[in-house]
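Shown below, as structure tokens, is a lone chain in the form predicted alone; questions about how it binds or moves come after it.
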């Protein structure tokens, strides 16, 4: 392609407007209609909130405080510093939240990986969790990209399928719960985007010299795409602004690469039955392309499966001397580090596979001293002198 043709394409992308006929449905009107007809309860946004732009121009409200954390199976099992960092950020910014003990898995793993479930069961699990949040008076905040995407699909099914609503209502009645849908379904990365300037203002580490590439989660912005955040000031509104918006607010060096829109390779059936396909795709199609085109210090993403696939696949490619070796973490962990969080007590980077130590050194973090502190904590726990670390221990 000639330089002139490339300039024409880039010029068009500087101002990007979507055709009205491509806009997705705004679900809010139907949601409140059904509430008025007595078919469901809408949990409304309360208190302080931020309005954010979505792909087709519908404004979405993000509640800032009193949030009910719908955690991720994969985060809790494989990347515990992911959810700990989200909690730490919320505490440091002074926003109340609840970490519930009665949340269930969203069961979307079942649905997307093997389809061994049914529509009513899937929907009932979703709204049981929404009802549990509603009963506490706290608004649900979804940690997992898959749960987030799946719950939005469930919302669309319940709004348009009266027979399904009746089935699910019967299930909930047996549980002693109401059919509740929240006014918005909010992913944690949307909350981070909404408070990105507050995070930036509290940063204690200069990350302007850190080169960052972003991998957006498919289940965040490709499922019910009209509900994802797209900001005209981030990639001219052509890519979702979740994660990238926070990177820009922190002042890091955001770099692009040609396979931005590709999946991380995790898939669902892939990771279960074709793990070599996942590892090949994650490293050769994503990490190696980033290395060659953008040379990042770190890859940031916002879903459990993406962090897992991109971080923990690199060891196999390293064995074949491929051009890999980039630390991968969530933007919540990166933001927490920028605000001074302990790399092991909070971000828990020792659970990650790819070498993160050069990144910490570039961020001005003495990882050897931090590791020594963490080892002292581990000795105390092992001796039985203390059962678990508290937030006071974390901030000591």
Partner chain sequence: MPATTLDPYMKRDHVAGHMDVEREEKERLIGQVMADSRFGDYLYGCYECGICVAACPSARFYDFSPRRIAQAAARRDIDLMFQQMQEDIWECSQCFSCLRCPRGNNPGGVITIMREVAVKEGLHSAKDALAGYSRIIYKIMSTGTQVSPDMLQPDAFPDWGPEVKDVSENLDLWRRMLPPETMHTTTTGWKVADRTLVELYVIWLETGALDMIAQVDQGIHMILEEIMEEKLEEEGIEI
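Given the structure is predicted, the values throughout are model-derived calculations rather than measurements. Numbering follows the first chain given and starts at 1.
Another form exists, predicted in complex with its partner chain; not displayed. Remarks below refer to it.
**Q** Which one, 108, 133, 234, 214, lies within 4.5 Å of its partner chain in the predicted complex by heavy atoms?
**A** None of the other options qualify; the answer is 108.
**Q** Does residue 271 make contact with its partner chain in the predicted complex, using a 4.5 Å heavy atom cut-off?
**A** Residue 271: contacts its partner chain in the predicted complex.
**Q** Under a 4.5 Å heavy atom criterion, is residue 142 part of the interface with its partner chain in the predicted complex?
**A** Looking in the predicted complex, residue contacts with its partner chain do not include residue 142, since no heavy atom lies within 4.5 Å.
**Q** With the partner left out here, check for me: in the predicted complex, does some heavy atom of residue 93 sit within 4.5 Å of its partner chain?
**A** Judged by the heavy-atom cut-off of 4.5 Å, residue 93 is well away from its partner chain in the predicted complex.
**Q** Classify residue 28 as contacting or not contacting its partner chain in the predicted complex by the rule of any non-hydrogen atom within 4.5 angstroms, answering yes or no.
**A** Residue 28: no contact with its partner chain in the predicted complex.
**Q** Do all of 49, 258 and 363 end up near its partner chain in the predicted complex, with near meaning a heavy atom within 4.5 Å?
**A** Not a single listed residue reaches its partner chain in the predicted complex, so no.
**Q** Residues in which of 189-197, 322-330, 291-299, 263-271 have heavy atoms within 4.5 Å of its partner chain in the predicted complex?
**A** Single hit among the candidates: 263-271.
**Q** Of 169-192, which residues get within 4.5 Å of its partner chain in the predicted complex if you count heavy atoms?
**A** Going through 169-192 in order - heavy atoms within 4.5 Å of its partner chain in the predicted complex - the hits are 171, 174, 175, 177.
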